[in-house]
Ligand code: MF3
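Listed next as structure tokens is one chain, alone, in the form predicted alone.
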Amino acid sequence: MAVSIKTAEELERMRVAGRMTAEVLEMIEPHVQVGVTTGELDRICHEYITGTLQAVPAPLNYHGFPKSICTSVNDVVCHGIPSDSKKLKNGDIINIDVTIIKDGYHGDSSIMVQVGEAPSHARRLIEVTQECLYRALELVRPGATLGDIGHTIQAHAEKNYYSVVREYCGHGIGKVFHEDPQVLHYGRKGSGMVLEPGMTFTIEPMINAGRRHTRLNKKDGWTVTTRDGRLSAQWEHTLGVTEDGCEVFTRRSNEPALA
């Protein structure tokens, strides 16, 4: 597995792309209201990315994906396709996944948003999933392994009686949207690739309220749902391994200092 170690110049470009990705998510969150369609959210993001930021929405036409962002509602685990017929209802939860390309480099991040007032069990799933991500970020430093990341996510999710999706994972990122290494969200401490400075990848745990099993929609070829129809949540950041920890390129201004 050839993992690309980024130069200082490349890291600077990833910093810029990451900051812009965070900006898109901060911009779109207030638009997530009862009655809005996921298609409308996609249009707002598309205009902001291509106009204000002068950047490129990476998902658009990526292996045929038809929209500029992914919108995954309730039992949709990932890769939900925005639609003008999909109106958000009070109590829904939605993952908004944004990836932009700026000057040839990618930033990739996602957030969970509750629509109106979500039930307490849904809010708890969102919270624990974010904790899974934050716990993993705290571990990232030279000498840690990919297995350490997977283990801490799995342990925290299962301690809270949730399950970890296994078919989809985090990934290396840079000039290429998805590159090595694959970053699994389950695993054994001390196993897998050892991290070194200059590696850049995403961590994006997908955590299910019920069982971990998923189903891919054969008709559209993209939408992944939980097989048991229970809720799923996901948070994602793009980061770079530094000499003594990690730098989270996609950190939003309302988040604590990360890692």
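No experiment lies behind these values; they were computed from the predicted model shown. Just count from 1 along the sequence shown to find any residue number.
One more form of this protein exists, namely the form predicted in complex with this ligand; it is left out here, but the text below deals with it.
- Between 97-105, 130-138, 115-123, 143-151, the stretch whose residues reach within 4.5 angstroms of this ligand in the predicted complex through a non-hydrogen atom is 97-105.
- Residue contact check for Glu23: none of its heavy atoms lie within 4.5 Å of this ligand in the predicted complex.
- Using a 4.5 angstroms threshold between heavy atoms, Glu204 counts as touching this ligand in the predicted complex.
- By the criterion of a heavy atom within 4.5 Å, His171 is counted among the residues contacting this ligand in the predicted complex.
- Put simply, Arg166 is far from this ligand in the predicted complex: not one heavy atom of it is within 4.5 Å.
- Within 4.5 Å of this ligand in the predicted complex, a heavy atom is found for not a single one of Tyr161, Gly210 and Arg227.
- Shown without its partner, this chain lists Cys70, Leu195, Ile28, Leu231 as candidates; in the predicted complex, only Cys70 has a non-hydrogen atom within 4.5 angstroms of this ligand.
- Residues in 187-201 all lack a heavy atom within 4.5 Å of this ligand in the predicted complex.
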